[in-house]
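Only one chain is given next, in structure tokens, and it is the form predicted alone.
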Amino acid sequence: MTNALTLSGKGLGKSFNGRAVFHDVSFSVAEHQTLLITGHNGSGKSTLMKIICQVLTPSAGHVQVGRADSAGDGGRDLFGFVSPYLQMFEEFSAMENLAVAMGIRGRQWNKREAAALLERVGLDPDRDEPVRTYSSGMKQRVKYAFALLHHPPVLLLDEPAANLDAEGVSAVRSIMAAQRKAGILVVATNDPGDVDTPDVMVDLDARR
């Protein structure tokens, strides 16, 4: 696969107010591979995930993502990001949230595709109550739909099973398997059971 998608980090470090969170983090993964990020609470897993998907700027080092025939680094459209702390438009329904997401990305709205995606994550596409009335697990499912709507080549999951019941975890495992076949999967977790066989692992406890 001479033109396979690749994601790499070189010498990454992040400091806040002069305090180093982690330093000298490097990795490289290719299409159909999984990157696992581990470390205790406060080790910087979520911070590194935000750096990878270009939400945060590293204090040192750089991230590259793209294909061999593409000039420069890829943009944010390459990434889908799921995390328990992400906020949605809670006054809108799940379907309305997806409509807003597509508008933000400048993509044509496709209600049938959005409905199929909500069903994929175990939600009723006809449910029109605002997201603020959803349980924490249902909100987490909406976040998965939000992240997957533009078919991201790189999917980042921060604590992928957070707030989910057994049915939700099963749906997430299916999503993870599909992403590995389609592109690159990045998982940050304290639970080694969340990822069966990672191709590359970054242990942030060793990078403090």
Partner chain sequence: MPGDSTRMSSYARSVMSVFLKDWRSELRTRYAMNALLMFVVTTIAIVLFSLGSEGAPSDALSGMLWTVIFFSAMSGLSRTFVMEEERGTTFTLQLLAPPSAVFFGKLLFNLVLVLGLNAVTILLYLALITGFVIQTLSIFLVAVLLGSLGFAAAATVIAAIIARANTRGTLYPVLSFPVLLPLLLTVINATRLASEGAYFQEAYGEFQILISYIVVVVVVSSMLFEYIWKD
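All values derive from a computational prediction rather than experimental measurement. Numbering follows the first chain given and starts at 1.
From this point on, the text means the form predicted together with its partner chain, which you will not see here.
Although the partner is absent here, Tyr144 is not a contact residue: none of its heavy atoms lies within 4.5 angstroms of its partner chain in the predicted complex.
Taking non-hydrogen atoms only, Lys111 never approaches its partner chain to within 4.5 angstroms in the predicted complex. Proximity of Glu91 to its partner chain in the predicted complex falls within the 4.5 Å heavy atom cutoff. At the 4.5 Å threshold, heavy atoms of Thr38 stay clear of its partner chain in the predicted complex, well away from it. Looking at its partner chain in the predicted complex, residues Ala161, Val169 and Ala178 place no heavy atom within 4.5 Å of it. Scanning Ala60, Ala182, Ala30, Val55 against its partner chain in the predicted complex with a 4.5 Å heavy atom cut-off leaves one residue, Val55. Shown without its partner, the chain has Lys50 as the single residue in segment 15-51 with a non-hydrogen atom within 4.5 angstroms of its partner chain in the predicted complex.
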